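The chain that follows stands alone, in the form predicted alone, written as structure tokens.
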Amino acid sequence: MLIDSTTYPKSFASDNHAGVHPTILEAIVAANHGDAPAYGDDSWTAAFEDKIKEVFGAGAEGFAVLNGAGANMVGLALMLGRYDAIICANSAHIATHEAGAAERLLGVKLMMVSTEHGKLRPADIEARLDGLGNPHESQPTVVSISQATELGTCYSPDEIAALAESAHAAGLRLHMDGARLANAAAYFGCGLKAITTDAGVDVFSFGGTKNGALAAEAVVVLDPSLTDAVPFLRRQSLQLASKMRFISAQLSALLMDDLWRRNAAHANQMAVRLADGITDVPGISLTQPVQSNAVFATLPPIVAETLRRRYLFHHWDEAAGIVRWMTAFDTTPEHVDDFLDDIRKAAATA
């Protein structure tokens, strides 16, 4: 069955369900005049690369790619050998929602860690270093974190710095899946540089698609020893767009005048509005702190069944009755309030 806005009202299933921000659409249209060299040899890509340096520091190198999973694979490939391993949370996107891409495409082992609220700690890294130098074991080489996590929680600048210090002390590098990096920075009220460059991250992805872009992500490399390999790995990983100007124009628009922050902050605020609105609803409770644009809650099965007739949302753990509700840059207070009204009605008749 085809599902769209004519079938359901506002979706709370994913920020990927949202449309494209008008400013970003305008940027795409502006790039759609005349011819331009392919594969990134164009003025829009040059402007985007300059903007990356402006936002993340003079040593940052940005590379536009097609999607978030591709950004992760390119970024991780820069730091891994054939017998290496990645330390990550067991809820990490690379472990749960990328169809085994890291194992299949990179040929590495994931050392998954059970975590509280989806967040690694320095002790989690240190506990998995016993096999270093042992030829019978995969060698941990990279620590990968998600920002925000798959559970909607966010790493603070100090928490990231502590992870970077622990990883670097052991000779490992720190990778960040930044699909919702903007939401984390908006939550902490800091700049993007504060939770990447300044905190000691080596390579990260900068997500645009979940924050108002059409299809635009970037790999950002902060370790200069890794930069030369990116063009080759990006091409080999099928992430080099021929008409790259249209991706670069979107990313530049997001980074211009803090559009990334306005979009993310609004989505976060709508999640808080939704979370606050269910605090007094019987049978429903939050399971995670609300720090980004995700709300995780327990929902009685009969309430979930009733709501799913009218709304799209994700059953995170069906056995435990946990659902995930996502908000986006275009979620309005009216969308949230209408949803809350229906939640209360469904709960009252359960």
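Being a predicted model, the structure only gives us computed values, none of them experimental. All residue numbers are counted from 1 along the displayed sequence.
Just so it is clear, the following notes concern the form predicted in complex with a further copy of the same chain, a form of the same protein that is not shown.
- The candidate stretches are 127-135, 267-275, 149-157, 188-196, and the one lying within 4.5 Å of a further copy of the same chain in the predicted bound form by heavy atoms is 127-135.
- When a further copy of the same chain is considered in the predicted bound form, residue 330 lines it closely, a heavy atom lying within 4.5 Å.
- Contact check for residue 27: a heavy atom falls within 4.5 Å of a further copy of the same chain in the predicted bound form.
- Taking non-hydrogen atoms only, residue 50 never approaches a further copy of the same chain to within 4.5 angstroms in the predicted bound form.
- Of the heavy atoms in residue 93, some are within 4.5 Å of a further copy of the same chain in the predicted bound form.
- Taken together, the three residues 16, 232 and 235 all lie with some non-hydrogen atom within 4.5 angstroms of a further copy of the same chain in the predicted bound form.
- Here is the short version: of 284, 66, 322, 60, the single residue with a heavy atom within 4.5 Å of a further copy of the same chain in the predicted bound form is 66.
- Just one of 181, 108, 143, 220 comes within 4.5 Å of a further copy of the same chain in the predicted bound form, counting any heavy atom, and that one is 108.
- With contact defined as any non-hydrogen atom lying within 4.5 angstroms of a further copy of the same chain in the predicted bound form, the contacting residues in 230-257 are 231, 232, 233, 235, 236, 237, 238, 239, 240, 242, 243, 245, 246, 252, 253, 256, given in sequence order.
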